[in-house]
Structures are given as structure tokens and as C-alpha cells.
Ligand SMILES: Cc1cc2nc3c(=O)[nH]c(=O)nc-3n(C[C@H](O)[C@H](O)[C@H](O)COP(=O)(O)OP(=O)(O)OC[C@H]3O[C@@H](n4cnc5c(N)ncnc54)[C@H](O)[C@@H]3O)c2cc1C
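For reference, the chain that follows is the form predicted alone, supplied as C-alpha cells.
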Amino acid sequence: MSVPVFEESNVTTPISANPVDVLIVGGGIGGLSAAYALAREGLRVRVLERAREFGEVGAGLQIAPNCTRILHDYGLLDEAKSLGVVPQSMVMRDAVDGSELTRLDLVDLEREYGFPYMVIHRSDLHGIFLRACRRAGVDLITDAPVSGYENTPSGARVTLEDGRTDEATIVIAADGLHSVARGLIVKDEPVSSSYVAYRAAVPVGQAGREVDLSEVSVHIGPHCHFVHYGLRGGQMLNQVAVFESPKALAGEEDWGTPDELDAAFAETCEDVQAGIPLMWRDRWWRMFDRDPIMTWVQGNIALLGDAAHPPLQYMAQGAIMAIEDGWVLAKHVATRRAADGAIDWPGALAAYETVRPEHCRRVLTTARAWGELWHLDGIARLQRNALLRARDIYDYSFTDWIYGPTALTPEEEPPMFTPIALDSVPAADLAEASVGMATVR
């Protein structure tokens, strides 16, 4: 991907005559949630969305307590719960033999962290923030693809593909995995994992099997995994099937195709195979992330969401991190407003950049490691399974760092968990289990 050249623009045709304090590029969940957070602080906010209308593609999202806590703060949690599902458990199973490995009691998890774990359709969560922005008076502009960013003496300016410009005191780039603004800070490219995701969201009556919608079900297997849970009050079933593409590993351009989907899950258990025919086969999502970066701000331009930290999906924290970004920035704006209403923007952006990159670096690197753990084969798979089965269901040492309150300062960031080495389970002790593995595959 070529990196655009950022120059002082000679184009002066403005997109709007109405001045704003903050200009947000990107009308996805991250951009709209940040717009709402800042509008609640009394700022004039405009969102530029490249598409002709605001909307989200995809299917379900998992929303952990570190995000439902923020939705509660925004006064939006009840609406979200009415549109989603609050499951009672998350169950992890082996994708080959179907056996249970471990689980989270999500009822107890809510007691532990004070807020629920819920699942919701991506478009429903996006719609919640879109309606909230409209109520808050955010200026919402569609059909406005941005091709360039620049700092100015009084703030920052963006240039649209059609030559129009817009400017504000602060520009927030929430322009996704292929962020144009990121090129101001680092000349990097998305990193392919060689994994691909297929999705489906269908009425429960079309599932063709009994599914327990009180749980989020995760089957993990060799080079693949399968997730399902309920949506929209249990009226819909959401499924995600993820696998490593042999074509991608071979360097082929056409990778992740439906034939690879079928082959990847051919030796999985009956429950998983029953879900594969439901997957949408006309579209699939290749899984990319980017290496973590610790600089998110250049002058009056700041990155947010996937523009700053696109993750692999294994932690189910991508949308959550974007929502946290906007919440943290708005909190720092609120504490840096003078009596006359003036905001110390350099201070607010510096505080934002001091805390968020390190947290998101942890999530990105943990997601990569978690993906490797899920997709193990052979003896390593058996060692992993033994460790997961030995876990106390009410042990939250692996979730405290992520599900607790969102940190506003580095000092508030909790310590990471201590990893457990696979080889702490002697391979010799798994000889009998290995024979069983060969039998069920």
C-alpha cells in the first residue's frame, strides 16, 4: 500500500461552514463512540464517514465488563442489553473430540467486575452510538472519504478525495486497519496471520440443531476454531469459523476460499461440523493486525481504534479498545478544561498517549499468543488441554488485567497475568491420551 504525501493543501473549498472543536474521520463504532464521549463534554464534534450512509457489516460482538462499564457510564447499557444477550457462561471445548476444557461462569464474572459480559450484533451496537450522537448534536457527514491529513497553526486539516477540506482544533483518525493518518507516524503495513474468518447470523430456527444460547461456545482445534452464541434476545444464532489457509501459507492470492473452509473443519467434532453449512460463503474476512506502536499523536492529529491498534480477534477486544480510547480521551479533556472553557489539548493528548498504547500493546501481543494457543496440534494440544482442564473456574487471575476498570493513567494499569508453560505438563504423562487422540481424529 502506498503512503500518501502529506502537504499543505492549496484547496480551500470547505466541507461545512460550521466550525467544530473536534473532527473525527471514520464513522464506525470507534469513531461514533469517541464522538459521543466528546460531545458529552460540551464539544462541537463532526464525524466524516466515507460511505454513503452510516452502517456496520459483520455479525456478533462480545462485550466484556471493561466495555459494559463504559456503556453504563454513557447511560447506554440498558439499551444494549435490550438488543443483545447476557449469557450465563462461556465454555471452551476441544474442536476434535468435543470435550469441555474450561469455562467462565459469567454470572459470577458480573459479580466480580460489577458489570455484565454480553453479546450483541455489531450493527445494533453501532446503531446505539449513532442514535446517541444524533441526540448529542454531533454533525454527521457521509460520502466524505479522507485522503490526507495535515497540522495547521491553529489545529489540523483533512483533505477529501474530491478536494474539499475540513478543519478543527483536533482531528481524530478512526479510519481503520488501512488508516491513511497512520502514515504520518509510521510507514508500516498490515500483517497477515494467514487465518480467515467466515461468519453467519441466522434465525435460531434455521440452525438445524439444538444450541444452548445461555452460553458462548468456543471450540478450539488444530489450525482452526469455531464460536457460536445468541443474538437479539436469542432470536438469532451467531457463528464464526476461523482457520489457517494453506493457500495463504503458499503465497497464493486467492486464499480463504470455501473449499478451504470445508477442508479445515473436516475432522472436527459433530457439533462443529453441524454449524459449517450455515456459514456465509459469498464473503470472508482475512485476519490482519499490525505491530504495536507507542506513538499515536502527531501535533493536533491523534489515532484511535484500529488506526492505532488493529488486533487479531482472539481476545474479542477490538471494538472494546476503540470504545475505551474515546472514553479515556474524553476523561482527560474534562480534567484539562479551564474555568473559561479553554482546553489544554496538548496535555489531554499527551495523557491519552501515555496510557492507551501500552494497554493496547498488551492486548495485541496477547491476542497473537492466544491464537497460537487455540490452534495447537499434537502433544502441544494435549498439554494445553490438560492445563485448561486444571484451571479453577473461579480463577480470575487471567482476566483481571483486561476486565477491570479502564486505566486513565499508567499507574492504574493492572499487572499482566503470569503465563503457564505448556511443558509444565510432562509429555510422557500424555502418552495414553495421545493414543486416544489418534483414535478420535
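All values reported here derive from a predicted model rather than from experimental measurement. From 1 onward, residues are counted along the sequence shown.
Below, we turn to the form predicted together with the named molecule, even though it does not appear here.
- Exactly one listed residue, out of P311, G275, G256, P357, brings a non-hydrogen atom to within 4.5 Å of the named molecule in the predicted bound form: P311.
- Note on the partner interface in the predicted bound form: the residue among M92, A156, A201, A197 having a heavy atom within 4.5 angstroms of the named molecule is A197.
- Proximity to the named molecule in the predicted bound form, taken as heavy atoms within 4.5 Å, picks out 311-319 from the listed stretches 248-256, 311-319, 68-76, 275-283.
- When the named molecule is considered in the predicted bound form, H228 lies well away from it, no heavy atom lying within 4.5 Å.
- Residue contact check for G305: one or more of its heavy atoms lie within 4.5 Å of the named molecule in the predicted bound form.
- Taking non-hydrogen atoms only, L48 approaches the named molecule to within 4.5 angstroms in the predicted bound form.
- In the predicted bound form, at least one heavy atom of V25 sits within 4.5 Å of a heavy atom of the named molecule.
- Looking at the named molecule in the predicted bound form, residues V171, I301 and R336 place no heavy atom within 4.5 Å of it.
- Taking the named molecule as it sits in the predicted bound form, the stretch 115-133 comes within 4.5 angstroms of it through a non-hydrogen atom at just one residue, R122.
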